[in-house]
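Heads up, what comes next is one protein chain in two forms, each shown on its own as structure tokens, labelled structure 1 and structure 2.
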Structure 1
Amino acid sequence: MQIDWIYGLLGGLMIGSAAAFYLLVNGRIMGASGIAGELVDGTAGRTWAEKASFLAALVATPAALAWVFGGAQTHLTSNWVVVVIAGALVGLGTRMANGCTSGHGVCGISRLSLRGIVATVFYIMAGGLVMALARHGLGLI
């Protein structure tokens, strides 16, 4: 019986719950790229420890769950150059869009923010276009 969809459902519930909790506690939108950007450029100020803890938990939680329950098949390419370039493009895109999937996609769409909806539509289209080009046009993936 195929139950991989349950991982997506549980992950979505966890992300949505974390976003709601972050908004209730801090009164701010949970945008992971914005939080990371403030840590990198030094503008986090007094909230540095809180933001670093958030990002650490963002990485540690799925790692711990994968360790306990076993990881899902990702089909990630073994070409690390492609992975590094993809990460750099995602970082560039989140800076250009002034947000990421958690800020625009989860929090923006749930608040019916036109800016969040438009940004989400465009980064999904850009991701699909790059994936099609990389896989079918260039044969990288």
Structure 2
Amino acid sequence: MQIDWIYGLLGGLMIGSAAAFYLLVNGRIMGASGIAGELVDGTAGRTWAEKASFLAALVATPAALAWVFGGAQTHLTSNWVVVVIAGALVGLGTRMANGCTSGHGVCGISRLSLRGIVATVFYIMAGGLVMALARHGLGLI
């Protein structure tokens, strides 16, 4: 749809404001993979409660909005083998690289961090390549 980019921009501004708020108030980088990863592998230490609060709100707010307004859809593939493989790759890769779309992408690039820029270039390139292969080459997704 033609107006999708307006929602994209609006949502993007909200994402960026959330990251800005988290940095200026809590003094931390808003990276989804780092926050989730440190909670599950037990390295969050004393920052545990803070990160758990962030995560709980991140899950609960869209869930509530989707329930009230309806219409939210992920259109995730029904092929659970692909889902498991994709989930494992995302979990492993983001922890190895120490960041994902929010940490390296939004927070890193806006700071002109070399690591953030390099990571983003590589995950987008790999994503485009795998997409071309899996969809147009193998017809997998």
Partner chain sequence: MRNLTAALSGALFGTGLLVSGMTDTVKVQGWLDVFGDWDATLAFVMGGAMIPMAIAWRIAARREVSALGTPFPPKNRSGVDPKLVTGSVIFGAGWALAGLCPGPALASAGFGGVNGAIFLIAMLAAMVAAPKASRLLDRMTAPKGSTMDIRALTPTYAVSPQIDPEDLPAIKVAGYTTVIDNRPDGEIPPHLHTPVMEEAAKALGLTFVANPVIGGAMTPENVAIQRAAIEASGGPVFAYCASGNRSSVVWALAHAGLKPADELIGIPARFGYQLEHLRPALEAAKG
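On a predicted model such as this, the values are computed, not experimentally measured, just so you know. Please note that residue numbering is based on structure 1, beginning with 1 at the start of its sequence. Definition used throughout: the rigid core is the maximal C-alpha set that superposes within 1.5 Å between two forms.
The chain appears twice here, and it is structure 1 that represents the form predicted on its own.
Shown in the overlay between structure 1 and structure 2, fitted on the rigid core, is a CA shift at Ala66 of 2 Å or greater. For Ile109, a C-alpha deviation below 2 angstroms is recorded between structure 1 and structure 2 after rigid-core alignment.
Remark: with the core as the superposition reference, the CA shift of Ser33 between structure 1 and structure 2 stays below 2 Å. Lined up on the core, Val83 has its CA atom moved by 3.1 Å between structure 1 and structure 2.
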